[in-house]
Ligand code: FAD
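Before any questions on binding or motion, here is one chain by itself as structure tokens, the form predicted on its own.
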Amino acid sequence: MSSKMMQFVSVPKAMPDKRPAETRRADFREIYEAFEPDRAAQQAARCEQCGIPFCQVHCPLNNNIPDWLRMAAEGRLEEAYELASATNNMPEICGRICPQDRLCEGNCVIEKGFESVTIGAVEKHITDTAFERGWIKPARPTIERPESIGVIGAGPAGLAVADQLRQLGYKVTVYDRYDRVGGLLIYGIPGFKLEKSVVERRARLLADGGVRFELNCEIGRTVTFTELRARHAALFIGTGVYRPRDLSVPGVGLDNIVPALDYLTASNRKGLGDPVPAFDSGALNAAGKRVVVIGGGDTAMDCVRTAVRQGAVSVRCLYRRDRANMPGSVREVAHAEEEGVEFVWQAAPEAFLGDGDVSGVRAVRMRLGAPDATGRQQPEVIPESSFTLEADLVIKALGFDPDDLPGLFDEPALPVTRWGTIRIDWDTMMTSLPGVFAGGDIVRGASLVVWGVRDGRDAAAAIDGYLQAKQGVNTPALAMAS
């Protein structure tokens, strides 16, 4: 196998084989097949090995992308995995769901006439191969430390901090209110983007390495925050943000107008084999319905593509800006269009119609006006431009805000910002409560999985440094993701 790089001039960009839209509309399997090894190596060899790797610069984890691409091109996949996992606790997940078109691939320096390297697909190939060949082993720390760490939340940030600290020998217990490990990776993201077996495999690896999970555990009810602080030498809060943003328009209280996460959770639970009465009754099931999804982010894309697979009669996505200003992944929009989703650009709801159940969305056309302080153009209503979309099910995918954690945890001293996110010192990842750290969406607001992993890694280094300092031990902390 050739180790020659810079093949972008002669080798066109290619993804793994994608299942036809008509086939994938009928199930929740991931839409891309596995990369053939020779094709993956060929695509990795397209890397330019540039002097300033903007792919790495624009990755929140600063992954050593050019180096592991070269190793993949040379068939050195075990080494490639070791390098990829040195900065990322779940590369098989990030390779599947990161918006590479906005991060690493979108900043590839290869001239766009040749197109960027397929970084995410190669990352997924490297890690899936490592799992298949048994190269990935549970953590086996060289020493066992006496301190225990409590982690609240089994999502990306919580799993990353747990993994890092367990590798250092700390006793780690992860508490989560759900009955499975993974948070939104399990209940929010549909299987066609991330099959649940991939998340379960990573969770088993952590458990086999000694991480304890206490599930169905709600802080403030099952156990108090005060008890956890007494039980552990340090705490990490990575609960995420789950409270849906709402609309203030007439008719918003009609039946069959539902929050996105309720809808996605019902679908994912059904796929996992759980009893879901709200799905079986049709309340959270798009089968045979005219569906309108409101929003333009990745959650909206998850909803429209889920509705297609459930057998909706029609699926429309209503977004107040244009395609160029849509926050969701460009690649996801393209997948949705292939599967039959209709996008209604530059339109926003002004009322919901119906008597009891929703029967339609009265919307108004928008135009992009002057930019705000951030430089983003603000949508403005076009007068007398109303129109109606028929709808039997409306899904609100407008983003998420944090819950009132000081109230839920019965800890009024827990510091929060004016947005309700937890306030931390970014240099230490610690709150004003000694030994209480936080990261991920509960600190940043709704963000990307890769940022949650980054925060978890940084927090693990900070927790280790904090505990070592308390003991007066001058030992270098675990290296941060950067």
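The structure presented is a predicted model; accordingly, all values stated were derived computationally and were not measured. Residue positions are given as counts along the sequence shown, with the first one as 1.
Unshown form predicted in complex with the ligand; subsequent notes refer to it.
Q: Report the residue, out of Lys193, His232, Arg269, Arg321, that has at least one non-hydrogen atom within 4.5 angstroms of the ligand in the model of the complex.
A: That would be Lys193.
Q: Which residue, Ser447, Gln42, Thr421, Thr431, has a heavy atom that falls within 4.5 Å of the ligand in the model of the complex?
A: It is Ser447 that has a heavy atom within 4.5 Å of the partner.
Q: Could you confirm whether Glu390 comes within 4.5 Å of the ligand in the model of the complex, counting heavy atoms only?
A: Output for Glu390 is no: heavy atoms all beyond 4.5 Å of the ligand.
Q: Would you check, heavy atoms only and a 4.5 Å threshold, whether Cys217 touches the ligand in the model of the complex?
A: Answer yes; at least one heavy atom of Cys217 falls within 4.5 Å of the ligand in the model of the complex.
Q: Is there a heavy atom of Val198 no more than 4.5 Å from a heavy atom of the ligand in the model of the complex?
A: Val198: no contact with the ligand in the model of the complex.
Q: Val258: heavy atom within 4.5 Å of the ligand in the model of the complex?
A: No.
Q: Looking at 374-382, 94-102, 72-80, 348-356, which one sits within 4.5 Å of the ligand in the model of the complex if you count heavy atoms only?
A: That would be 94-102.
Q: Is any part of 139-154 within 4.5 angstroms of the ligand in the model of the complex by a non-hydrogen atom, and which residues would that be?
A: Ile152, Gly153, Ala154 sit within 4.5 Å of the partner.
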